[in-house]
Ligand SMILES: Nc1nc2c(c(=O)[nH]1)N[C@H]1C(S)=C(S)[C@@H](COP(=O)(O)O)O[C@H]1N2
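Heads up, the chain below is alone and in the form predicted alone; it's given as structure tokens.
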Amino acid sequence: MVENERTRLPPGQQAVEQMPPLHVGTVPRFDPETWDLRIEGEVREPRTLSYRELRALPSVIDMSDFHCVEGWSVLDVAWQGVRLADVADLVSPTERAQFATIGCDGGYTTSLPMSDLMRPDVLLAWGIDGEELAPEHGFPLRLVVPHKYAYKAAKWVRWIRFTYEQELGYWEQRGYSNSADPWKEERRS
């Protein structure tokens, strides 16, 4: 391991070259003609975006590290997608919107405070390292939250609900840390 990797790895993490395909449930089928993303809750203008509309939004490529709660990290991942903050701008969250719950095909959910979600490196991604995400890694849409453990990076995103109170997600309901900060090793609550 080179010195640069050592300083970029949170405590208890080991650098690996590729992320293994870990997920809850089965990989869903994707039909670009029927797929949509609902954005609702504490917003002034609820919206449903088709896949074509989503992909027409201004996209970015953001380089970040990816940390799994199981103890491995992939460094320098180039994610392509749309900033979650830009999607939020489309629906104008109200002052009551303090959190957002992200829901996925198969029933998986996660939730984060707005302060975490509005960071410029938080994306709704469809690409990785110059290619489309593989279905087992979340295609057609995956949440990317580089400053949290990967269980906050929900795969197969289908809806976003802005809320006043935080709703615990799938893993948080099962005893995992809600704050999920890899630098503080917040693995379990």
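One rule holds for the numbers: they count along the sequence shown, beginning at 1. Predicted model, so just to flag it, every value in this text is computed and none were measured.
We do not show the form predicted together with this ligand, though everything after this point is about it.
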query: Contact test, all of Tyr51, Ala88 and Trp126, partner this ligand in the predicted bound form, heavy atom 4.5 Å; finding: no
query: Interface membership of His147, this ligand in the predicted bound form, 4.5 Å heavy atom rule; finding: no
query: Contact test in the predicted bound form: Glu136 vs this ligand, heavy atoms, 4.5 Å; finding: yes
query: 4.5 Å heavy atom contact, Pro21 to this ligand in the predicted bound form; finding: yes
query: Proximity of Trp35 to this ligand in the predicted bound form, heavy atoms at 4.5 Å; finding: no
query: Contact stretch among 149-157, 117-125, 52-60, 39-47 - heavy atom within 4.5 Å of this ligand in the predicted bound form; finding: 149-157
query: Residues in 66-83 with any heavy atom within 4.5 Å of this ligand in the predicted bound form; finding: Phe66, Cys68, Trp72
